[in-house]
Each structure stands twice: as structure tokens, then as C-alpha cells.
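We begin with a single chain expressed as C-alpha cells, specifically the form predicted on its own.
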């Protein structure tokens, strides 16, 4: 699975390399005196956070504001042992509190709509980006050879009605943000939010990134990725054993703690982009997966059976999606997934769930026909997208559909 980086590692290793403005910080190992002195410099306020490889820290209450050294020490101890979505914290840390009336969202990721990287910006940062109306965010492609220049960034901010005194400094900051992304082999990175302080300076107050372990730039960056406590779920352990049982095809999963979309994904890079798109669109994917590598029929049946056994009953949409395959036989994998779904219905009972499909590659049409036959025999609603539809658009559609289905289920239970 891809390497990931959270805020603390970013503060320690990347922010200073690319001159990105960040709050002051101290790790949990800091002495009481250092924390007291820091709080005095910070005008009596700090933010204690758990260093955990999971999103949604605010909702999970593992980010808290403290106003004296006693509170800070207590919260550092508490959050060093926190758990979010089944993921355990490695440690905790405290950052300077940045007062701000304005918060900015930024993210760079590879987008199949542009066949390359794209930059997304919003002046409505600090909240889940999926809750922000489309008119309040803008996405543009970035040329990998020319890069991002301050003029492009300033046009983005002007289009979002950014206060004029901030446009120049925010634009220069985003250029450095892009330089970090392209120089270190990242697949995606996000700051949410940049808090703009009283001095009109932006500070990166939360960060996450996913790296491509095969990218030579990552090797040259010489980064250290901290090891987090093992917290594998029963599903992850079962899939890891299944993956190790054969070299034919991949069966990689990592639970994300979501509860809406069950994603059967193909292609490591595409899978990461799809999962990030689902997250951004509010689809709350249950896990990240990579089932490519041209798995034979029996291998794919076993993989799909395990996914359905653990997670189908609780999902609101089943997403079967990947980029355009090179050597994975789509008819084989789709027939296997369909047969595993039918077998699950026979053995464990019917599940009412819509199915969203998108794929391209060898023997695509026979694969779509096989899946259609299975889904119609099971009387399940479905929609199929061809290879000419970007995976990000398919993922966004699946997220909206899953949220709609979830809302309807809850409404029925309420009545």
C-alpha cells in the first residue's frame, strides 16, 4: 500500500524544506518548562493533537485547545494513547494556536479528467470539503513540466473572491506547496486548513499526504515514515493471509473506518485517487483496496467473498472501479465478483444495495455483460460507466448515491 504522512512528520521533515509557514510545535517528549514557555509565547493557547494515521481527528475529539501547562500535559498523555477508526496513535504533540477569521483549503492530486495532477482551492477551509458548495471551490490542471506559477494561483484566488491583500502571499505559498508535491513523489497532499492569522500570514494547520513508493523522487527525498502501532482488524488480517497464500494477483486492503461505500478497486495509484475522491465527496469508503495484478478466477472469487462477508451488509453502495487495465482480464474478474455476490446472497441472505461499475481494458465488454447478467438476476439496481468516464467522476457519483441511499434507509427506519 502507498506510504502516508500526517501532520507531525510534515512539521518535522517537509515544511522547512519548502519554506511552508507552519505554527510552532512541540512533541509529547517536551519538558514541562518548554511547554510553559511555549504557551507564554503563544499568548496562552495551544492545540494538542494525536498523531494518528486517520482522518476525522476533530470529530473524534483527538484535537483539543489548551490554555495552561497543566491542561497541556494532561491532554498530551491522553491523546498519545488515542484511537480513531481502529487506528492507534503513535504519539501526541502540541502546536501554537493560530487565531483566524479566514481558513483556506488546498489539495493537489492526480485527476483522470486532466490526465495529470490538479490543484483544488477553497476559501471555505476547516470543514469537510464535501460540504462546501461547488461555487466556493475551484480545480485546475497543473502541467507537470511547467509547474504552478503565482499568476495561475492568483487567478484562482481572485475567482474565489479572496481579499486582495492576501492574494499575493497565498499565491506564493501555493507555489511552494506545489513544489513540495512534485519534488517528493507524492500522489496527493492536502492542507485543511491554512489559517490566516492577524498578520495576514497563512499557516498550515493540518496536513496529510500519500506517496508513490515507486517514484524515484521519493527515494531522493530521503524521508522517514514513522511506524504506527499495529491495529489490524479481523478483515485486514484475513485479507493479508489470503494475499500471502498466492503470488497471482493482489489482495491488498486497509480499513479506513468509513460506513458508506464498499470499494472493489483495481490499480494501486487509481485506487488511492478513487479513495481520496470518495472521502472528499462524502462517500466515506470502508477500506482502500488494490485487487489488480491479473488475478485468476478463483483468486478473485475468494477476494470478493471476503469483502462481502465482512462489509456488504453495512454498506450503502457497492463500487467496482479501476483505471484502464493493461493485462487484467476484466471478464474474468467481473465474472468472479458476480459469482461471489450471488453466492453471498444464497448463503447469507439478500442485501438491497446499488452497484456502480467503471472499468476499461482487455475484454471489457464481455465483463460488463457478465456483470449485468448477474445483477439483473439478483434484481439489484446498477449503473455501468465505460473507460471514457474519469474514475474521479464515477467515484463522486458513487458517493452521492451512497449518501442518498443512507438517508432513505434512515428515513424509513424513523417512520
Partner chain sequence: MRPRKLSGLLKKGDRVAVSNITGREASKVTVASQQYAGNIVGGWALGKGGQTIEVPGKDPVPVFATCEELYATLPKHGAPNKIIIYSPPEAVYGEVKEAIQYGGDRLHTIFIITENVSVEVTAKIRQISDEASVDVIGCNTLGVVNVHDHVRVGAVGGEAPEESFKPGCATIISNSGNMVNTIAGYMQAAGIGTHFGISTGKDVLILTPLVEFLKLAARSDETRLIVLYVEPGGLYEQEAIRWMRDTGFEKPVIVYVAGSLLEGRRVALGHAGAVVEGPQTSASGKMAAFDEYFGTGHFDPDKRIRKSNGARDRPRRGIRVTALHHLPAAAMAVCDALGWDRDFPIRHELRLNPWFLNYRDLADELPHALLLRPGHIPEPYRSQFARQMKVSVGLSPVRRDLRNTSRASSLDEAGQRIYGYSLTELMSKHSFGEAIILYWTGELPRYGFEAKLVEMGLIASLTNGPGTISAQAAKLSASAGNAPNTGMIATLAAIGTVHGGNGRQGVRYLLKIFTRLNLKNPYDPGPDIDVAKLAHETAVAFKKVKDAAKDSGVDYERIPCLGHPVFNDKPVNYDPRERAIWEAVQQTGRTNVFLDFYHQLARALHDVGVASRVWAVNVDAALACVWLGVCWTALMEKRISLKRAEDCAFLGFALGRAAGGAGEFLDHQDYGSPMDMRVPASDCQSLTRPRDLPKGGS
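By rigid core we mean the largest C-alpha set that fits within 1.5 Å across both forms. Positions refer to the first chain, counted from 1. Please read these numbers as outputs of a predicted model, since none were measured by experiment.
Although it is not shown, the form predicted together with the partner chain is what the next lines describe.
Colleague: Heavy atoms within 4.5 Å of the partner chain in the predicted complex: which of the stretches 92-100, 197-205, 294-302, 67-75 has them?
Modeller: Among the candidates, contact is made by 294-302.
Colleague: Mark residue 390 yes when one of its heavy atoms lies within 4.5 Å of a heavy atom of the partner chain in the predicted complex, and no otherwise.
Modeller: Flag for residue 390 set to yes.
Colleague: So in the predicted complex, does residue 192 come within 4.5 Å of the partner chain, heavy atom to heavy atom?
Modeller: No.
Colleague: Indicate whether residue 157 is a 4.5 Å heavy atom neighbour of the partner chain in the predicted complex.
Modeller: No.
Colleague: Mark residue 113 yes when one of its heavy atoms lies within 4.5 Å of a heavy atom of the partner chain in the predicted complex, and no otherwise.
Modeller: Contact check for residue 113: yes, within 4.5 Å of the partner chain in the predicted complex.
Colleague: Which of these residues, 41, 61, 379, 348, gets a heavy atom within 4.5 Å of the partner chain in the predicted complex?
Modeller: Going through each option in turn, the one that passes is 379.
Colleague: Report the residue, out of 82, 123, 148, 273, that has at least one non-hydrogen atom within 4.5 angstroms of the partner chain in the predicted complex.
Modeller: Contact check passes for 273.
Colleague: Honest question, do 6, 12 and 165 all end up within 4.5 Å of the partner chain in the predicted complex by heavy atom distance?
Modeller: No, none of 6, 12 and 165 comes within 4.5 Å of the partner chain in the predicted complex.
Colleague: What residues in 166-190 sit within 4.5 Å of the partner chain in the predicted complex, counting heavy atoms only?
Modeller: Going through 166-190 in order - heavy atoms within 4.5 Å of the partner chain in the predicted complex - the hits are 182, 187, 188.
Colleague: Tell me, please, whether between the shown form and the other one the C-alpha of residue 377 is shifted by 2 Å or more, with the rigid core used for superposition.
Modeller: Result for residue 377: yes, a 2 Å-plus shift.
Colleague: So that I can tell if residue 9 moves, could you say whether its C-alpha shifts by at least 2 Å between the shown form and the other one after the core superposition?
Modeller: After core superposition, the displacement of the residue 9 C-alpha between the shown form and the other one stays below 2 Å, so no.
Colleague: If we fit on the core, is the Cα of residue 407 displaced 2 Å or more between the shown form and the other one?
Modeller: True for residue 407: a C-alpha shift of 2 Å or more.
Colleague: Would one find the Cα atoms of residue 216 and residue 240 closer or farther in the predicted complex than in this form, where their distance changes by 3 Å or more?
Modeller: Closer: residue 216 and residue 240 approach by 3 Å or more in the predicted complex.
Colleague: Versus the form shown, are the CA atoms of residue 386 and residue 140 closer or farther apart in the predicted complex, given a shift of 3 angstroms or more?
Modeller: Farther apart, which means the C-alphas of residue 386 and residue 140 are at least 3 Å more distant in the predicted complex.
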